[in-house]
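Below sits a lone chain in structure tokens, taken as the form predicted on its own.
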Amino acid sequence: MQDRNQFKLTIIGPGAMGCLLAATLYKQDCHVSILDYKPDRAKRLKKAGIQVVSLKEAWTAFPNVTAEPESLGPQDWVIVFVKAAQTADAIKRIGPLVGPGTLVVSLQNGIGHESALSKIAKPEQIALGITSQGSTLLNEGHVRHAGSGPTTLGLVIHNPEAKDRLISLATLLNNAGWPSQVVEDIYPYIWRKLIVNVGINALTALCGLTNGKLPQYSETLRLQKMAVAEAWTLSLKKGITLDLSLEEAHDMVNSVCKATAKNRSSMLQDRIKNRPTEIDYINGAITEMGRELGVATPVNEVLTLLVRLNSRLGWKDPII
């Protein structure tokens, strides 16, 4: 196996998670870069570094940051951490990073990213994943590590060589302090994460509540259960093997609310900063698939429409 500092890894997007991972890998002497689409910001980040604070420590890392993908060349791994709605624009810029041996890995919220990524990489070069690492962007290049958790990775199409490369990535992440595993079928994990997001993100954004407050109100708890039930029913229709009863799905979402009680969901953070949300790739995706498969999803549709409307209006009411 190559020495870890001989690997080439580029993270797409200097958001909260992208900055956290880049700083974490840099701390372990890994050859890591961040590709930004804003040249001025890339220059500032390269000069000032990435600042990370957690309950245990604080440090500054200086990974390579650039807005010029041609300067990086083909990578061993390209990890996509941009918001779901930005994927189409991001892939237009990362062609120079993708060679015959490159593995493109999406660690984004929502579903369906492999379709967009297939425009710049062969299906056997694409991997999907989920992570329970938590990060909040405090300021440009300044993040708070809000909590640790497992990262799970899997290939879109089985390929022995690609699997070896994915296992090497998991090893790299494990050595950097990100507990990671590679699984044969990633889609049940993607759907479990999707169901959690369906039950939390839109409601926290609409109500201005932290995750832990959702189960404390009968109204939000009921809405959460109805939205989760629709997503769970849809997973059965699609033949996804969740190995979860509906009650267990509700318990899973409730457990995440408790474990991340003080966290503001990514969609609530988008609301606070008046940024576009990922609603169309979470609750909106459930609604679209429901229409295609004949599964009723009225609660997810209402949540989607309300988030879209409030986004258009600029989220003018105060945060609780």
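Residue numbers run from 1 along the displayed sequence. Model, not experiment: these values are computed from the prediction.
Not on display, but discussed next: the form predicted in complex with a small molecule.
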Could you tell me if residue 65 has a non-hydrogen atom within 4.5 Å of the small molecule in the model of the complex? no
Please run the contact check for residue 211 against the small molecule in the model of the complex: heavy atoms, 4.5 angstroms, yes or no? yes
Proximity of residue 54 to the small molecule in the model of the complex, heavy atoms at 4.5 Å: no
How about residue 109: is it within 4.5 Å of the small molecule in the model of the complex, going by heavy atoms? yes
Taking the small molecule in the model of the complex as the reference, which of 265, 287, 277, 33 has a non-hydrogen atom within 4.5 Å? 265
Which residue, 152, 201, 224, 75, is the contact with the small molecule in the model of the complex, using a 4.5 Å heavy atom cutoff? 201
Quick check for you: of 114 to 122, 192 to 200, 228 to 236, 152 to 160, which stretch puts a non-hydrogen atom within 4.5 Å of the small molecule in the model of the complex? 192 to 200
